[in-house]
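Encoded as structure tokens, the following chain is the form predicted on its own, with no partner shown.
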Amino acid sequence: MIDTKIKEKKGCTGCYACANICPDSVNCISMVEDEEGFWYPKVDYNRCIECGLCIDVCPVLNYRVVENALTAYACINKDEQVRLESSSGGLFSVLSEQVIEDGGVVFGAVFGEKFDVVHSYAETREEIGKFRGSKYVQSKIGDAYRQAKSILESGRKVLFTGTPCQIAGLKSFLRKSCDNLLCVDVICHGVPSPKVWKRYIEYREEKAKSLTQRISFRLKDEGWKRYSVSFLFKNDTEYRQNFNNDLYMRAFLRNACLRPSCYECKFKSLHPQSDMTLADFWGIQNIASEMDDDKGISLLFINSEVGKEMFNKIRNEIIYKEVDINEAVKYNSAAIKSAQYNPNRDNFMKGINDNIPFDILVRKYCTDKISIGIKRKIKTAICKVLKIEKV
């Protein structure tokens, strides 16, 4: 059913709502990885009973606009250690701790055994750490929607975090509002292919001649604005590179490996289906410079009364300042704009399938023109001078 309604790949976000809603007694929808490593629904018509539930819960086919009045804040976790371990200002950890303190459960993206990215949940404060840090690859929802529904029906609170399309998928799957559900989405640049991510891990391990022990996308050793990608290997060696120079981040930020739906995303909007939206507060130096210490600041949009109630519960745990939402969006345009299609994308993805070495692919299809490179170096030099003068 669902695979006949969505005609093009750009019409599917891979949210798993259709697979989760298919009755256990039928179980005819599987999420199948395509040649680019993205998941799409496949229906076994020998088992399908044509109930139509998969079509009813598809957030793309049943797209809806939520009317809400957003407020925006710059936020910092007062716990400095947690803040440093987080991608931005550590606000997610404060929200998670509050929900767990209320007897609830937190869902989010974690690294699997082989550093694939999957959705999982935590029930204790100690487990929250596994969610910290950005993971720049599409996470596999799996059965997370079903698990969240079961917990909600038991009366416990649930904090569910994900990309805007994953939150839309959950809301469509539940088919009703739940007073004990808090949905938090992240401002999303786009989701890279899990297959590309797997190839990159293999590339780094081949270079290191060792398996991976730990990965961090957002080390702040050089500051929040110039974060580093780090691989720690089992032979006690480490790869570390500034995000501008890391091969995977270059492919990601140049939109060479994103899911087709990301180039025409329906869920980038100032009318999200989430209760709260989180992001790095890029541009904070121009809006609230007194908060900018280059250790990471969270941008928070409060989108609903549920979100407002949660903010009031955690406000004593954070340093915050209300900001003009239009100014915030000006420096964080990914909140409302889809990723621009890279004309080299198909060639890059074909190269991944042809097993062309990762570094060769990136240098061929993800390298700036000389003029752009010169402009970036000049801008970096100016920023360094201004920083010195400020000190």
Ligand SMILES: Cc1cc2nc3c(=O)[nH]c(=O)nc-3n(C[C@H](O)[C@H](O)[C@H](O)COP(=O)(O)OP(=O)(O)OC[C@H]3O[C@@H](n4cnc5c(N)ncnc54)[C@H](O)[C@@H]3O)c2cc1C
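Don't overthink the numbering: it's just position in the shown sequence, from 1. Treat the numbers as computed from the prediction; the structure is a model and nothing was measured.
Below, we refer to the form predicted in complex with the ligand, which is not included among the displayed structures.
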Query raised in the report: Based on heavy atom distances of at most 4.5 Å to the ligand in the predicted bound form, which listed stretch, 238-246, 200-208, 278-286, 175-183, is the contact stretch?
Result: 278-286
Query raised in the report: Of the residues Ser338, Asn342, Asn332, Asn68, which one places a heavy atom within 4.5 Å of the ligand in the predicted bound form?
Result: Asn332
Requested in this report: Report the residue, out of Phe233, Tyr136, Phe115, Tyr320, that has at least one non-hydrogen atom within 4.5 angstroms of the ligand in the predicted bound form.
Outcome: Tyr136
Query raised in the report: Hey, in the predicted bound form, is Arg259 touching the ligand, heavy atoms inside 4.5 Å?
Result: no
Report task. Give a yes/no on whether Phe131 approaches the ligand to within 4.5 Å in the predicted bound form, heavy atoms considered. Result -> yes
**Report entry** Interface membership of Thr163, the ligand in the predicted bound form, 4.5 Å heavy atom rule
**Finding:** yes
Report task. Considering only heavy atoms, tell me if Arg218 and the ligand come within 4.5 Å of each other in the predicted bound form. Result -> yes
Query raised in the report: From first to last in sequence, which residues of 183-203 have any non-hydrogen atom within 4.5 angstroms of the ligand in the predicted bound form?
Result: Val186, Ile187, Cys188, His189, Gly190, Val191
